[in-house]
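Heads up, the chain below is alone and in the form predicted on its own; it's given as structure tokens.
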Amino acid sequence: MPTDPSVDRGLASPVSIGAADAVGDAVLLDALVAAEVALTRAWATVGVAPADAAERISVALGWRGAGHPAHGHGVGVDDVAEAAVGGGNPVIPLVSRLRGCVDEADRAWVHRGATSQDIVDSALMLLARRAGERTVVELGGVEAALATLARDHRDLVVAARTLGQHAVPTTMGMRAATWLVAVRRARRRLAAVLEQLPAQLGGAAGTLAALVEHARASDAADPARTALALVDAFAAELALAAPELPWHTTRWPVTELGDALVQAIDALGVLAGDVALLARTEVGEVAESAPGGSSAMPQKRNPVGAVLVRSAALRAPQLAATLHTASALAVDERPDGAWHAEWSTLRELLRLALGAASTARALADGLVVDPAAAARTLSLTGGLLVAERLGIVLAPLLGADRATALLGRAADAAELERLLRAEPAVAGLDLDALLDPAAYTGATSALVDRALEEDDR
């Protein structure tokens, strides 16, 4: 592994270890090169550039096919990064280096008619599409694991909590199904957003003027139509959607992607937060199959998977807020700083989403449920856990106010049972059945089945 101190390997962000290869500087550079090659190939597609020139450029710059970053082009990341400072973006120095990599006769077809934002935006969308697709796969793995969990523990009764306190009985299957539907919805939304990510090609100010002029110089019968066809061909070469219009200052592709990523991380954060609570020593209803240790306390079995996913969930919303702020400040025909603020922000959000999804998949795959601990937790409040049910049953017999007052007087389960048995009006009730938490889980079984049926479609 390289030891370059300038490279972020994730030392301070363990949740994203393994995701850097999807969004790192080297991958972004390869995507930038691919965008430049795609532009040349698009010129050939519309009959303006010579096909053999486009092919020579493709070979020289490591073209690997539609939707793939280039590879083996020979341009160095450090060189371009250092040179990017002078112009404010990496495309300016990149173009000169790419032209030096191709035959002199072909150089005029590199970056023909484009502006730097066209290449950066298209490269980021290419990078996002590929990293996002990996995230979708990982989210699918989380779903599968949660579906198994819901199925295996469909009717295991546990204590539900509201505001941190025992509320009513529920089931572990219901809890897992709740996690499942949230992750599933987030995965579907992210997949849909990825399908819509557009290429960017508008020229200096989004008017396609240079593209039209180059087409006119090549004696195109309809230069404007040729320019529009070029945009579509460029998008196809990158396996991205063709844009309706240039979106230099209309940043919905970035904000919608950011929102979908945050929704996925949010769903994983809820799963992780619940696991962290349920894995506490005094609760112990679940445990991670590969818990972490402690540098000072050898007895610790820390829920590190949940901890790492939660770390991503705490960071992600602020990153999306930055994207929205940048979008709102994307003024004129080219943003002055707002566009630049998106680059590292979007990459970090992609990195967190992929890392969180991968970590959550391992967490869900190995989650161990302890039925004995669940039963022990249920017993802590005994019949008080079904106070809601008792209120419904007792109101017709005692009156609503008296039933509420009686239930409110009980300090613990034993006192509740004593108070109930002292009431002549309830003498005919089967109190043991009424106080059984397993008899008050509502429609949880049907709800779990519904979630699983949807999962099987």
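Take the two forms, find the largest set of C-alpha atoms that superpose within 1.5 Å, and that set is the rigid core. A residue's number is simply how far along the shown sequence it sits, counting from 1. Computed from a predicted structure; not experimentally measured.
Heads up, the form predicted in complex with a further copy of the same chain isn't pictured, but that's what we're talking about next.
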Practice task
Evaluate residue 138 for contact with a further copy of the same chain in the predicted complex, applying a 4.5 angstroms cut-off between non-hydrogen atoms, and reply yes or no.
Solution key: no
Problem - Heavy atom of residue 336 within 4.5 Å of a further copy of the same chain in the predicted complex - result: yes
Practice task
Please run the contact check for residue 447 against a further copy of the same chain in the predicted complex: heavy atoms, 4.5 angstroms, yes or no?
Solution key: yes
Handout entry: is_contact(residue 162, a further copy of the same chain) in the predicted complex, heavy atom dist at most 4.5 Å
Key = yes
Handout entry: Non-hydrogen atom within 4.5 Å of a further copy of the same chain in the predicted complex for each of 46, 59 and 98
Key = no
Problem - Contact stretch among 233 to 241, 142 to 150, 328 to 336, 364 to 372 - heavy atom within 4.5 Å of a further copy of the same chain in the predicted complex - result: 328 to 336
Handout entry: Answer option from 102, 220, 313, 156, heavy atom within 4.5 Å of a further copy of the same chain in the predicted complex
Key = 313
Problem - Partner contacts for 346 to 365, taking a further copy of the same chain in the predicted complex and a 4.5 Å heavy atom cut-off - result: 347, 351
Handout entry: Threshold 2 Å Cα movement between this form and the one not shown at residue 62, rigid core reference
Key = no
